[in-house]
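Below, in structure tokens: the form predicted on its own, a single chain.
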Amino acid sequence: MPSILVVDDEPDLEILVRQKFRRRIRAGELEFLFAQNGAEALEQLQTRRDVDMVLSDINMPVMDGLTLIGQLRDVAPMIKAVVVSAYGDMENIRTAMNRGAFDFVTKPIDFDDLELTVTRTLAHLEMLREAVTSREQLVALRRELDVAARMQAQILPGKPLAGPGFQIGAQMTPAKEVGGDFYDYFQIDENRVGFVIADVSGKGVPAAIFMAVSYTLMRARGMDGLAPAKCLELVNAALCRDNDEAMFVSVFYGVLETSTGKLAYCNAGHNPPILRRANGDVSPLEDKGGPALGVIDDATFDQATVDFQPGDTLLLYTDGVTEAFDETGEPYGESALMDVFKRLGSADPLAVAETIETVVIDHTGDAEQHDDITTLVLRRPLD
């Protein structure tokens, strides 16, 4: 039964909450706890480790809501916080979100809206817990090659993604039964889409397991809607905690605002993507970010933005593309990749990814494929 801790110094709020949720409380679907301020809330959290969600006012005596939210990560990292603030108090709301709040509701409280927020928050928390459970299961099965292979086949997006203002397609050809590359794309909300490409160090089953762990964490944090740099910072910290094998993963993560074309991104030690403008000009993106994930536990990351306009196309790739060697040891190279990408023009993203894969494999000829070949193509179609 999910438990929600309501933190507010208004005595009438407890009565109103119990009245609104009385049926779900009686049915054993929800449990509510109450505290008068942040300090009292932290005391309860020391003894009640089963609390799932905190609903907190901002202005309270003893300890305010912003201070409480700032300390929640140390006390209970999995708890999701929702803040209650006066309508128009965007400064405090932004501060709360920067400190880790998941969502907010405004005063006077619309209890129907509050119920929807509670339901959505608990559903997101359940998804995050399932991701953590999947991670633990994958680590336990690291020696099971067949399981790893099946998981890899199922874990990546099965088809291209498209919506108003964007099209995404991707292609991956593993070098072995299981690979260390991965890609992903997902709709964060109606106006934002996230996309990622990554390359894990090493080969074989250990790389495949680390890939699945990294993928799971990236998707869970990406769906939180965090800025790219913050998302990579949290994933990096999680990977560093349980990394006895000293593995790492290079990651490029971007978030596109589909209505405006604003593309925010962060590069953690990965190959810079290539941007093709509508007029055919191609160039690498500015390399903004930080080190590969899993190396430095307190690493910080920078992010950049680029104006991604209708007709523009972005190519993400792993080094298995540019470092694909032919029989003589000659790599395919970045120059050849940029040339073929420029010629592909306004083709469908999946067609671009498939064409590049074909060209690279043709280059290698009879030479053994030593690395995964992975590409992801993002396009903003013309109006």
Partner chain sequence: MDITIEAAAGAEIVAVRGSLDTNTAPEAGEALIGLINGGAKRIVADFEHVDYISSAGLRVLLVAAKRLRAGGGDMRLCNLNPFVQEVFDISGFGVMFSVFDTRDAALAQS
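The model shown is predicted, which means the values in this text are computed figures rather than measured ones. Residue numbers count along the first chain shown, from 1.
The discussion below concerns the form predicted in complex with the partner chain, not included here.
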**OP:** Look up in the predicted bound form whether F308 has a non-hydrogen atom within 4.5 angstroms of the partner chain, and give yes or no.
**Re:** no
Subject >> Close approach of T260 to the partner chain in the predicted bound form, 4.5 Å, heavy atom >> reply: no
**OP:** May I ask you to check whether L226 falls inside a 4.5 Å heavy atom distance of the partner chain in the predicted bound form?
**Re:** no
**OP:** Give a yes or no for A246: in the predicted bound form, does one of its heavy atoms lie within 4.5 Å of a heavy atom belonging to the partner chain?
**Re:** yes
Original post:
Among S201, T119, T106, N92, which has at least one heavy atom within 4.5 Å of the partner chain in the predicted bound form?
Top reply: S201
Subject >> Contact residue in the predicted bound form, chosen from M127, A86, I188, I296 - any heavy atom within 4.5 Å of the partner chain >> reply: I296
Original post:
Since the chain is shown here on its own, which stretch among 252-260, 163-171, 267-275, 218-226 would lie within 4.5 Å of the partner chain in the predicted bound form, judged by heavy atoms?
Top reply: 267-275
